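Just the one chain here, the form predicted on its own, laid out as structure tokens.
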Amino acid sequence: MASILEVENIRKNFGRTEVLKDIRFTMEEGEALSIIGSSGSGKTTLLRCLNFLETPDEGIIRVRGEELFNAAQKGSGSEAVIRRKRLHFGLVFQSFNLFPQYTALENVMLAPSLLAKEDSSIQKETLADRARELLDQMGLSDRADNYPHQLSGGQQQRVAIARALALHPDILCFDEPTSALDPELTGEVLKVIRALAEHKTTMIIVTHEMAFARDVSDRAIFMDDGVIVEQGPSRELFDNPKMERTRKFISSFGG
């Protein structure tokens, strides 16, 4: 089976600080991949590189065999080209990043509506229906006309997940999706992600929720100091890590 995502030799520096060092991994369609590691290990920078919010200094990124990025070819294209490349990935931020002036429905519809202006093949009348379906999937059908300030943190994050799904991304990426939530709201967001995993949504989840990562992910990657220390089937990595650095990290969470 061909990989949906191939990441080869990704390196990223900020000044003299090497944040990502020769990152390599692949993903299959329908797979949930958790990325774990201490703060500052490079997890978020990796997600930002995949979503073209940062530009790697070296490396190649392919989705469905299409080369989206190759550092050997200088320049990653115009802003319009980069926007098109971003459509392969949906990104859910830790701090929701909803537009406060728009309702939940309008937040979910915004990106597809902008895309419809560029692509006449998109049926504008179906955008609201799709957005309502996604809000219903998130358990928020009764919150479509609420503004972000009228929603709890958990509800805002579920709107953000619906928004990320609205453009039918190949891969849905989560950057610490529960870190800004109170413990009682964390469960409702994890429940949504668990349901997406059960429906074989292809996902990359950067998380500190160790038990969730172990139980929901198909595979896991442990990063430390900008390198992938260990990767493999999630239960195997959590229950029987091969590397001492992985063992120490997991044991610090009581795993």
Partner chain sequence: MFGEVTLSLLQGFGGTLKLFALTLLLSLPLGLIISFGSMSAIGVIRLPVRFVIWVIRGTPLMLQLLVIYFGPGIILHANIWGSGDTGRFIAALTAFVINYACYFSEIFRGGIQSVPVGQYEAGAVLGMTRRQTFYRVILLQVIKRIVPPISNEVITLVKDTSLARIIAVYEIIWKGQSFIKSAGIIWPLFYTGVFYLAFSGLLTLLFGYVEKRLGFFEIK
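Note that this is a predicted model, so its numbers are computed, not measured. Numbering follows the first chain given and starts at 1.
Form predicted together with its partner chain: not shown, discussed below.
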### Query
Each of 190, 211 and 253 near its partner chain in the model of the complex, meaning some heavy atom within 4.5 Å?
no
### Query
Just one of 171, 111, 151, 144 has a heavy atom within 4.5 Å of its partner chain in the model of the complex. Which one?
111
### Task
Check whether residue 97 has any heavy atom within 4.5 Å of a heavy atom of its partner chain in the model of the complex, and answer yes or no.
yes
### Query
Hey, in the model of the complex, does residue 182 get a heavy atom within 4.5 angstroms of its partner chain?
no
### Query
Within a 4.5 Å heavy atom cut-off, is residue 219 in contact with its partner chain in the model of the complex?
no
### Task
Verify the contact flag for residue 51: yes if a non-hydrogen atom of it lies within 4.5 Å of a non-hydrogen atom of its partner chain in the model of the complex, no if not.
yes
